[in-house]
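First, one chain by itself in structure tokens, the form predicted alone.
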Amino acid sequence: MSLEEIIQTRRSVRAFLDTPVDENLLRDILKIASYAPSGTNIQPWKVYVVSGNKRDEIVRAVSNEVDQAFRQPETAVNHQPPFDYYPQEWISPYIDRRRQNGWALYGLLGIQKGDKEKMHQQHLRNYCFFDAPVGLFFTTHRVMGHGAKMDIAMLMQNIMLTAHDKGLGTCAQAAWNAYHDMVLPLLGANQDEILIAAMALGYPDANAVVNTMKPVREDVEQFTVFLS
């Protein structure tokens, strides 16, 4: 594929095959992705790649906690993200796009508005990496500013595009952030690290209806101001 095709056909994959991903392939993807730009070349990222028993350990621990928070909402306050990914108060047009995306996803899955149990089960899919055999966690040092998050986002984009080019699928995930207090110790991370995001990676399940979703993109004229 051309670079244009790679960018335009990449999708967030939410159903994966259990086919293992070769570690050498993962190393190649990370090596290529490491050429992402960063402010003054500080490269403020650290990446934890989990598979096998370690992946399963993290999935079990966090999934149980998420399920408990659903059954006993008062326990949800025990886990808070280290920073706000989404705004405290939504405004248009962003809330409209969010709702459109959410109902498009639920529509494909046959989840009706108000069906909290099915919504919860779909939400839980985040915490098993949508069955992907590989999970990635991205951290940086706590002293780093907002620029480090931007740098890590560019690294993640490189990973997603490179993986897609090699026949793999990915899904960037902020859902794990609320459980950073559980995840970081299980990774053996230092206390001076902060979790920025996670990512599911593996071979897409081509037969899964959820992977047919194609989010709507705004026209260039809607988000660009040309000045001369």
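Note that this is a predicted model, so its numbers are computed, not measured. Throughout, we count residues from 1 along the sequence that is shown.
Keep in mind that the form predicted in complex with a small molecule is missing from the display, and what follows is about it.
- With the partner removed from view, the residue among V49, A69, C171, V183 that has a non-hydrogen atom within 4.5 Å of the small molecule in the model of the complex turns out to be C171.
- N101 is the sole member of N101, Q121, T75, Q80 with a non-hydrogen atom within 4.5 Å of the small molecule in the model of the complex.
- Here the marked residues Y85, F130 and A175 all reach the small molecule in the model of the complex, each with a heavy atom within 4.5 angstroms.
- Residues within 4.5 angstroms of the small molecule in the model of the complex, judged by any non-hydrogen atom, belong to 122 to 130 and to none of the other stretches in 122 to 130, 87 to 95, 136 to 144, 108 to 116.
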